[in-house]
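In the block that follows, a single chain appears as structure tokens, in the form predicted on its own.
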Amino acid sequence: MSIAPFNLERFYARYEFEVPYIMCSSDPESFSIEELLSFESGSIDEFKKQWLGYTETKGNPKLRSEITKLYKDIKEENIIVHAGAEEVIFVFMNSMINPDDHVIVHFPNYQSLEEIARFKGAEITRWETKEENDWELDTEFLKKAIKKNTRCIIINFPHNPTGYLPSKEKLNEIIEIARKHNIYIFSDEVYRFLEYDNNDRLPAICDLYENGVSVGVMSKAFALPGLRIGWVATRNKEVLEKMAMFKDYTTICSSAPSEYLAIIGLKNKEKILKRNLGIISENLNKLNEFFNRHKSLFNWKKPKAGTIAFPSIKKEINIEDFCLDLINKKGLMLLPGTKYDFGTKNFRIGFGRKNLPLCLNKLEEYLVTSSSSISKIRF
């Protein structure tokens, strides 16, 4: 049995470095090494002296110490550093999911959150959300979906691609359901700290639940995807031990320069988050204006957190055809919802980068000038 192609990543591999305008990026505006090091006095000379030997398998202790500050009750021994969030997902699924297990996964989703478990032979139930219900999760569905062999519930808040955040009460309800059946909760939290209202921020699952497994990364909230530094945080010792043993067969340890730069980033997280949220706020205002001008063409719901949203097109047109035509005519990249295996109407739009106004102008030009050779619809 072969693992299925990662549709989103294959689409990015085809177009990301070929088109001049990208308006579906999931990460905020990145920093240069020079910009990052400018946050910390003396760091340039210190960076030059970094030893390029192997690092600790679980991660640089200073880095793990900084990571603990993102949580309430997590200590250094509860963290293992990985090569991005993707390695965390891959290692957890291979360590903790067995062929006869049942897994419930929040949907739509980043494909690896379900595909690796499926490849392992697990039975998958999609916990599907819908645009017309504001992407809300139905806990009654969750209760009914649980089986005797349910091993794990996979959630993602703030959500990729919709920007959905549940209430704290709903999160606690999900935890109690899992606790009743002794089920793991694997929680993708890579957009945590990009809530537009701090009152909406949810506690990390590893702080709330003894079988909760939190995923963090430098790529999203901290705008440093090129470092390829992510981590798992959990109080469950069995999970940590099994993941540590499996990681010996993947990266073994992380890049020493990347770990150093991640330390600088986390030590200066307030500056980074303030800048990122400033860009997001300005861009969301522009998106609100754009979608108000085009109510007849698009459904739009402002997200509550993160750098992406998942609007839909109202016209009788396949969204993948729309996105490909947009690439061909304007060199502008949106991500069709077909790459999430989620129908033919929704698309992912990203608004964490400074060039969003320019991208919006290109999209506006397309809507005004194109008579859509795909469907003969005049916009």
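The structure presented is a predicted model; accordingly, all values stated were derived computationally and were not measured. Numbers follow the displayed sequence, beginning with 1.
As for the form predicted together with a small molecule, it is not shown, yet the points below apply to it.
By the criterion of a heavy atom within 4.5 Å, P166 is excluded from the residues contacting the small molecule in the predicted complex. Using a 4.5 angstroms threshold between heavy atoms, R228 counts as touching the small molecule in the predicted complex. At the 4.5 Å threshold, heavy atoms of Y191 reach the small molecule in the predicted complex.
Interface membership of S26, defined by any non-hydrogen atom within 4.5 Å of the small molecule in the predicted complex, is confirmed. Proximity to the small molecule in the predicted complex, defined as a heavy atom within 4.5 Å, singles out one entry of I89, M243, I205, I79, which is I89.
Of the listed positions (Y260, Y110, Y196, F291), a single one reaches within 4.5 angstroms of the small molecule by any non-hydrogen atom in the predicted complex, namely Y110. Of the candidate stretches 121 to 129, 272 to 280, 79 to 87, 293 to 301, only 79 to 87 has residues whose heavy atoms lie within 4.5 Å of the small molecule in the predicted complex. Taken together, N156, N160 and V217 are fully in contact with the small molecule in the predicted complex: each brings a heavy atom within 4.5 Å.
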